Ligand SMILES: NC(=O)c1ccc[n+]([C@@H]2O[C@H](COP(=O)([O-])OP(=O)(O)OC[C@H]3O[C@@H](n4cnc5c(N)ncnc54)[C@H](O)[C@@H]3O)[C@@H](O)[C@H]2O)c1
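Only one chain is included here, represented as structure tokens and corresponding to the form predicted on its own.
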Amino acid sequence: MTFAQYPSLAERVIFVTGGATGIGADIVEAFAQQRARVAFVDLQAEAGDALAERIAARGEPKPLYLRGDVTDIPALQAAIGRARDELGPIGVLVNNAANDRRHKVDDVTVDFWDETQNVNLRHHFFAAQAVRAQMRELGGGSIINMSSTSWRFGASEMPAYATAKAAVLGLTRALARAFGPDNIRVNAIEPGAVMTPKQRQLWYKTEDSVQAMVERQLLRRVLLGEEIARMILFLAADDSRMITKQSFIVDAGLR
């Protein structure tokens, strides 16, 4: 199967949060295949280094891996600054980093609530704030925020996470309006049940459990991170230059 190449993404500087594993790694790989210049931040140093080396070994532009914690806002801002210094002004920001830990309502503490918002929501705003001047310098840019379909289902097993992911859509709409005069587009993606290695390890440990989720989808195939990445490529490329303030569900028709 052949997928689209986007000439406008060649040499464009991309910054991805949480890019070492899972959907984030698929996003980094997809941009590298487009010959973009990619920087990504993640706490998992071994996985981040391995991903960068694997991409370089294929003859694609080696991504710049930056070890960092997105909940540490000064460190995140510093990583964005370093990416600019080494690669040039950032034209695309993908706010991907998240943690969908399950939790019961009665077990949620104030500290846990704040931690959940910090890792799933807060960094979206401050990363966008940090790249705005760089995108303005370029004459425009694209910011893509990662939400989730979990909030639409009323995810009782992770209410703090679902709240953060619903709020991502509100933030997306507010930033789209604020950044529009700078020709900066802001959109969101709501993935469904993406079967990353982490999801399989923690929540879908058997093939039967994976297939049970697939049976809830209108398209009866396992949903992979590369499907999310392809939507992100489109929203990052000039092909979507008049699309902003939108959210796109990529869930194979999950019911």
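The structure displayed is predicted, hence computed values, not measured ones. Heads up: residue numbers just count along the shown sequence, starting at 1.
There is another form of the same protein, the form predicted in complex with this ligand; it is not shown, and what comes next is about it.
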Heavy atom within 4.5 Å of this ligand in the predicted bound form - the one residue of Arg230, Arg54, Arg35, Lys198 that qualifies: Lys198
Partner-contacting position among Ser142, Ser147, Thr172, Thr116 - heavy atom within 4.5 Å of this ligand in the predicted bound form: Ser147
This ligand in the predicted bound form: contacted by all of Glu29, Ala39 and Leu64, heavy atom 4.5 Å: no
Stretch in contact in the predicted bound form with this ligand, which is absent here, among 176 to 184, 127 to 135, 97 to 105, 81 to 89 (heavy atoms within 4.5 Å): 97 to 105
Residue contact check: Glu226 to this ligand in the predicted bound form, 4.5 Å heavy atom: no
is_contact(Thr244, this ligand) in the predicted bound form, heavy atom dist at most 4.5 Å: no
In the predicted bound form, Ala20 touching this ligand (heavy atom, 4.5 Å): yes
Partner proximity in the predicted bound form: Leu43 to this ligand, non-hydrogen atom cutoff 4.5 Å: yes
Interface residues of 183 to 201 toward this ligand, as seen in the predicted bound form [heavy atoms, 4.5 Å]: Pro191, Gly192, Ala193, Val194, Thr196, Lys198, Gln199
